[in-house]
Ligand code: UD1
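This document starts with one chain, in the form predicted alone, laid out as structure tokens.
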């Protein structure tokens, strides 16, 4: 049995923000949500988040996650004090307690699984996650014997010069036998510079405390300010991009590319420089994205090209070309073998297969059939000042340059709209519609004007 307690009560004043530190976003998810996710392999019996500053907001932000319990730490008096708040809630609990920090979002699932496994197999009263840092300055040092049994933890400021040569540091991640921990928690004191209750103090009261070294010291990176948040983002991006490149995705200048952890990519996708892929996006094999494109919460089918364009909450079918400088948004759906060209915006519209809008057009709240050709400068005037209205354009229809479709409007199949037309009434199939003023010529206009 394993219960997980996540310390998330602090404000995080060094973030210089009214938002609780643990709710700051890292690659599409909050810090605390990432910490919760890192426990997945453990399948814990209890998941407890210890909250304090703006606790109600934290609860609201995590309401979409199942199985969470919240315990309030009214005063933030240190890590030991936070865990003391669990005593009434775990009074009859007989299992192990894993204590995590809500601002340590880079822990791998396998790392925590290995920590708990070692703890349980060794019969430890407590097991600490530790790391060997190239520069351990500022971190508490952990001293162990040859069997990794912990003898003491000494804060950096209290270490002698010889002790400071020890590069093994405390990551602040612990697994305890809860019943043994509960017995010693009341013994914690505030005999330190900060006058706080430190959880590290319990090490001196428990028998058989073991250290488990993490293979990658970057996993224990904590977030205290914006600079560290940026550093964590870079670490996470390196992980994500390395994973996808090993899975067969080609990235050109990956240091200029960002990809959210929630993105799914298939082999033989090519991602060009200055491209950013976010949210729950899926990009299928053979697609070529970028340079200079943003794809967010969208589905891109196979062999699609997106060049210098933005695709947001939309779908693009196979063999379609988007861009340069196109914008798809608001649940736009573009069919197969289409061309969406220069400076075309598509909003909340559906386009059939083999349909083209090559340049300088706006299609909003429209439904287009197959083989439609949208001439340059065509727009659907979908807003009457109060409501949005639909435009329906049948298969095989062609619009001339600078045409305006004033919704609500239906054009039948195989309609031809003359250039410069403003169409305000429905048009039957196979018709030519000309909706513009007749051209008038006045001879000798320049001479008469001068007179």
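Remember, it's a predicted structure, so these values are computed and weren't measured experimentally. Numbering follows the first chain given and starts at 1.
What comes next is about the form predicted in complex with the ligand, which is not displayed.
Legend entry - Stretch in contact in the model of the complex with the ligand, which is absent here, among 253 to 261, 132 to 140, 210 to 218, 279 to 287 (heavy atoms within 4.5 Å): Result for this chain: 132 to 140.
Legend entry - Triplet 42, 96 and 176 all within 4.5 Å of the ligand in the model of the complex via a heavy atom: No, the candidate spot makes no contact with the ligand.
Inset, instruction - Consider the chain as shown here, without its partner, and state which of 84, 224, 302, 237 has a heavy atom within 4.5 Å of the ligand in the model of the complex. - result: Spelling it out, the residue with a heavy atom inside the cut-off is 224.
Inset, instruction - Just give me the single entry in 172, 352, 323, 375 that has a non-hydrogen atom within 4.5 angstroms of the ligand in the model of the complex. - result: Checking each option against the ligand in the model of the complex, the one that comes within 4.5 Å is 172.
Inset, instruction - Answer yes if any heavy atom of residue 153 is within 4.5 Å of a heavy atom of the ligand in the model of the complex; otherwise answer no. - result: Contact with the ligand, yes.
Inset, instruction - Please check if residue 5 has a heavy atom lying within 4.5 Å of any heavy atom of the ligand in the model of the complex. - result: Judged by the heavy-atom cut-off of 4.5 Å, residue 5 is well away from the ligand in the model of the complex.
Inset, instruction - Evaluate residue 198 for contact with the ligand in the model of the complex, applying a 4.5 angstroms cut-off between non-hydrogen atoms, and reply yes or no. - result: The answer is yes: residue 198 has a heavy atom within 4.5 Å of the ligand.
Inset, instruction - May I ask you to state whether residue 270 is within 4.5 Å of the ligand in the model of the complex, using heavy atom distances? - result: Answer no; every heavy atom of residue 270 is more than 4.5 Å from the ligand in the model of the complex.
Legend entry - Residues in 1 to 37 with any heavy atom within 4.5 Å of the ligand in the model of the complex: Heavy-atom contacts within 4.5 Å come from 7, 8, 9, 10, 14, 21, 22.
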